[in-house]
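Just the one chain here, the form predicted on its own, laid out as structure tokens.
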Amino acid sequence: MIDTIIIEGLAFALPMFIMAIGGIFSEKSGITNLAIEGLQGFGAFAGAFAAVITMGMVSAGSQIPYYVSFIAAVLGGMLYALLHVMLCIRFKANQVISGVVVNMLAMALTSFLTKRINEALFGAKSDKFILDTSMRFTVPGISKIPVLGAVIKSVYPFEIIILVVAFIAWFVMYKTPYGMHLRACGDNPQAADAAGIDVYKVRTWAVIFSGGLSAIGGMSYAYSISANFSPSIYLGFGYLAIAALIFGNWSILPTFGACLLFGFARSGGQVLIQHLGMPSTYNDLVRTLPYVVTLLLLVFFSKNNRSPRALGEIYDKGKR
């Protein structure tokens, strides 16, 4: 039972973690990013479409569509993030409103495009792209260690991808000049500009990176939770990622802990329902557990949060 909680909890928490890192990149630069939900959804749409097309070109059981889907998802998420860039940086729109608009547009646009593509290419009136089931692997020997061995048991390939990308993101954020410039732009953009840093450029790339990272999370959920892309991909996971980064105080490692907490709350509830033999209708109630945990954490701990000082502020180079 504990092994199942760990295995399924990680499969849920890690995609949320990579989306939260995307949010950290954007918000550390000073751009509020409520658009993570839409970015992960549009990225998953692009990746699922690429996977479906590739599946028709390769033999059954090939893993090529799987990896192609993640590349396409990242590109799609980065491209769609340009809309948030244009609204927030180019036109200096309210960043909260921009995020909401990006989310609503993504949901409507991907649903429409999925139906039209299925009808035009496959002759099917469906709002889903059906994906092959993702392979899972277990590391022999080590996985037999009680409790800890569950971490490397029935692992999705995307979990390894996420951990590698997360490490690279951490290195970029804290060990490179770009990361230092990004954090400076979120705390004091005027001082950063005076030091010769192009605030607009740094913020633009931060939001674009956010789109790519969010898309990895969306594609991961498409393969693990639903085995397809459909409007059901918009289940609030992006908002959970935002809550996680806030609880993690806009720092990558504490945010990872918050994501694990949400993931284990969800998987623990599902295992409890199965163990007690309760009807499957209670699964809907279990899905609310991460949100309940989020509310409790934010109520008790949000007073200690320290967001980037210039977060949400529209930067105007002409003003001092």
Partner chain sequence: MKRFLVKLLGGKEYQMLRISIFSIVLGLLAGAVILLLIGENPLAAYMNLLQGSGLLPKRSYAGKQNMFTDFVQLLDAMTPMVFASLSVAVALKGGLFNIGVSGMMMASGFVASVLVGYSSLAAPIAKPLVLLIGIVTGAFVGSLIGWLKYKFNINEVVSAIMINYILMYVITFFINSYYVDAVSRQSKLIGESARLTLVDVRAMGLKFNIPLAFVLAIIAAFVIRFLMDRTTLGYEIKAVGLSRSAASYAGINIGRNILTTMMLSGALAGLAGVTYFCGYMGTIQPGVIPSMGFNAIAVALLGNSNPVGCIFASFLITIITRGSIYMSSQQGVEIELADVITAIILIFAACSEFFRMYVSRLEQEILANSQSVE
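Numbering follows the first chain given and starts at 1. This is a predicted model, so every value here is computed, not measured.
There is also a form predicted together with the partner chain; it is not shown, and the following applies to it.
K.L.:
At 4.5 Å between heavy atoms, is K144 in contact with the partner chain in the predicted complex?
P.N.:
Although the partner chain is absent here, K144 would stay clear of it in the predicted complex, with no heavy atoms inside 4.5 Å.
K.L.:
Considering only heavy atoms, tell me if I233 and the partner chain come within 4.5 Å of each other in the predicted complex.
P.N.:
Answer no; every heavy atom of I233 is more than 4.5 Å from the partner chain in the predicted complex.
K.L.:
Would Y282 sit within 4.5 Å of the partner chain in the predicted complex, counting heavy atoms only?
P.N.:
Because a heavy atom of Y282 falls inside 4.5 Å of the partner chain in the predicted complex, the answer is yes.
K.L.:
According to a 4.5 angstroms non-hydrogen atom cut-off, is T138 in contact with the partner chain in the predicted complex?
P.N.:
T138 lies outside the contact set for the partner chain.
K.L.:
Which residue, L109, L121, A227, L163, has a heavy atom that falls within 4.5 Å of the partner chain in the predicted complex?
P.N.:
Exactly one listed residue reaches within 4.5 Å, namely L109.
K.L.:
Going by heavy atom distances of 4.5 angstroms or less, which of V52, L34, A46, A265 would be at the interface with the partner chain in the predicted complex?
P.N.:
That would be L34.
K.L.:
Based on heavy atom distances of at most 4.5 Å to the partner chain in the predicted complex, which listed stretch, 217-225, 237-245, 203-211, 145-153, is the contact stretch?
P.N.:
Of the options, only 237-245 has residues within 4.5 Å of the partner.
K.L.:
Within 4.5 Å of the partner chain in the predicted complex, which residues of 79-113 have a heavy atom? Give them in sequence order, or say none.
P.N.:
In sequence order, L83, L87, R90, F91, A93, N94, V96, I97, V100, V101, M104, L105, A108, L109, S111, F112 come within 4.5 Å of the partner.
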